[in-house]
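Below: one protein chain in two forms, given as structure tokens, structure 1 then structure 2.
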Structure 1
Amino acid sequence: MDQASFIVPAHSTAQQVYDWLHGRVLRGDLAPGERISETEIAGQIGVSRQPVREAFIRLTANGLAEVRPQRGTFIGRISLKAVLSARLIREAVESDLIRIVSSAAPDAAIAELDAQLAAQREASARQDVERFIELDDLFHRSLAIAAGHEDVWNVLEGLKSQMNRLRYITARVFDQQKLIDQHTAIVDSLRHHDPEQAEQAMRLHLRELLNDLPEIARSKPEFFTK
């Protein structure tokens, strides 16, 4: 090993503030367009403005906030164009990945995916939205791993944050059963080593958002920008 890379610095104050805010934004606890203030947040958690400010900068870099100098800082609205772009990218990338997987999917990987499907059904039955979203993420990540490209999934992490925000905000809207059925169709395609069918199933699945988006945008227009 080149360096003892497992020596990582303890989480700084700024890092902790960032993690906290990041989570609140993703879960929709802080609503798009909502105003936040360095001094206010600093006062709430008992630190100075400095680490809070640095957290704001990082949120801005990730498209989750917008700083308007001398005016205020605001939780970023969800850009419909950005969401559509992210969706298109996901479709393109995951289509390629699923072809790789389907050409050589070991039985162990299939079994793992089947177990995940069961867990998804269980979470859906319990109406545990947060867990379901988590499992959905895991499902797609597992496919990337099976394709030997987990890194790709990590690189796309930033794009997904916008889509995740969308999912939390619209938790009650989307049809979990339909998503599970689509996941099942994908796994079945893998089971039969059918790359073409697998790709089509994946594309269909990832285009589901296109059906839901108009209604979502209509129901909460104040959360979105063009």
Structure 2
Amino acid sequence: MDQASFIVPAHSTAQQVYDWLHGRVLRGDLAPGERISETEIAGQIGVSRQPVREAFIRLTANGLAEVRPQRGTFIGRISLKAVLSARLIREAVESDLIRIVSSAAPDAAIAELDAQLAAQREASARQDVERFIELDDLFHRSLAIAAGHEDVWNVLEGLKSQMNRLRYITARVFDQQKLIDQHTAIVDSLRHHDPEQAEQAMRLHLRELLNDLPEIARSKPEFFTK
């Protein structure tokens, strides 16, 4: 990747470098524990070291990188505590949001969610993990919008970086169809305007991570920290 294909001159170089690195960390392109170099990254994307240094500082502040004295900067391990905290907050908030939506979900909103489910099935069939996770986020954002609380989802998005890193791992090794089936159950509950069923379906969906996490942590202990 060179500057011509990556950096847009009219926008902040530091922000673009951060966004690129942040995405690579979330997707696992930069693995937990991997050493990263300002000089190497600056040379790779064709910028000076200053915006890369600023991006490293932000990654460190957000818990996605760590500086080891006299050794360098490394991609941080995934915090189990942060993952579990984000999941708990999401369950509490999204369970309320889905009850709001279920009381009067318009046909247009349900039709849009049905279309998203079809797109999720297509992405899963192609084994396109990145697209599948984008669609998963879109699904939950759409529910927040339908509830009239898109800003709430924006707050949640800022809390779940560590959770998102885990999602990329689990989406590669666990059954995506189970998640699609859970999304389908959520939409069906909206179709029937059943708040109790909707909340139960959402809680079941967001608790799926509790089933996946122990196995992933055992299989890749070097990726995690308490």
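Sequence positions of structure 1, starting at 1, serve as the residue numbers. Model, not experiment: these values are computed from the prediction. So that the term is clear: the rigid core is the largest set of C-alpha atoms that superpose within 1.5 Å between two forms.
Remark: the form predicted on its own is the source of structure 2; structure 1 originates elsewhere. After superposing the rigid core, the Cα of G72 is displaced by 2 Å or more between structures 1 and 2.
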